[in-house]
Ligand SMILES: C[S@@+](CC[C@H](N)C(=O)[O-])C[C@H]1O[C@@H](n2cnc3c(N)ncnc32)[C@H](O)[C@@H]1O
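Here you get one chain, nothing else, as structure tokens; it is the form predicted on its own.
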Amino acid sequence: MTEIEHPRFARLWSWAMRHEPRDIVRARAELLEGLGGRVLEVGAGTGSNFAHYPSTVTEVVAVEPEAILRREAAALADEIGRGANASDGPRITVHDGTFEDLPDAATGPFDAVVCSLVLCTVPDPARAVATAFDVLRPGGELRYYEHVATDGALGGLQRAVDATFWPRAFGGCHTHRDTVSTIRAAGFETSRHRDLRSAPRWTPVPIAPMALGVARRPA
């Protein structure tokens, strides 16, 4: 595996994950609600989703390429595995890897693939989503919670920051990506989707427009 190192961003992200607003925590819970079986989560970060997986999930193969974040995620997975309710939850393992270079543990088929604030950072979103499609069983689900492009003045701001400092400052994040169209173009059928914002509408924050949804690989 080619390890990705963004130490400054990783420390900032680690702090942010420990201070997530309630609306983002609720969105994570909604993202994972009703999941079952074997799940692949790519771009797991510090493991912010781990506590939200329902007991119907039997295994989570979590993949994270950034070394600092991966160590935090692995420590959290170990803590959950040793907890009093460990027998009621999924087995979680954390591995180095990316959509472009998945580890052996990420061999499909999976019942679901989870993408949470990660498709904004991958070098090739279309390839990443195609990989998710390939490792899913027929009828399996892609669960996504992602920054997405918008139009108007905020869309112009997104394009401007993407072309200048934003990707370098925030671990490769691109704010102006039409992620939902990319998912549909890969052959997925959207079964649930809603647009939301992580900040007040009047705040010109490039990452405020978000998409939360479920897309299904046709059976």
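The first residue of the shown sequence is 1; numbering continues from there. A quick note: this is a predicted structure, and the numbers were derived from the prediction, not measured.
Another form exists, predicted together with this ligand; not displayed. Remarks below refer to it.
In terms of contact with this ligand in the predicted bound form, the residue from Ala112, Val94, Leu117, Val148 that brings a heavy atom within 4.5 Å is Leu117. Residues within 4.5 angstroms of this ligand in the predicted bound form, judged by any non-hydrogen atom, belong to 122-130 and to none of the other stretches in 72-80, 122-130, 135-143, 104-112. Contact check for Ala208: no non-hydrogen atom falls within 4.5 Å of this ligand in the predicted bound form. Proximity of Ser48 to this ligand in the predicted bound form falls within the 4.5 Å heavy atom cutoff.
Interface membership of Arg28, defined by any non-hydrogen atom within 4.5 Å of this ligand in the predicted bound form, is confirmed. Using a 4.5 angstroms threshold between heavy atoms, Val39 stays clear of this ligand in the predicted bound form. If you check this ligand in the predicted bound form, you find no heavy atom from any of Leu32, Thr182 and Gly213 within 4.5 Å. Residues of 58-82 lying near this ligand in the predicted bound form, listed in sequence order, are Glu64, Pro65, Glu66, Leu69, the criterion being any heavy atom within 4.5 Å.
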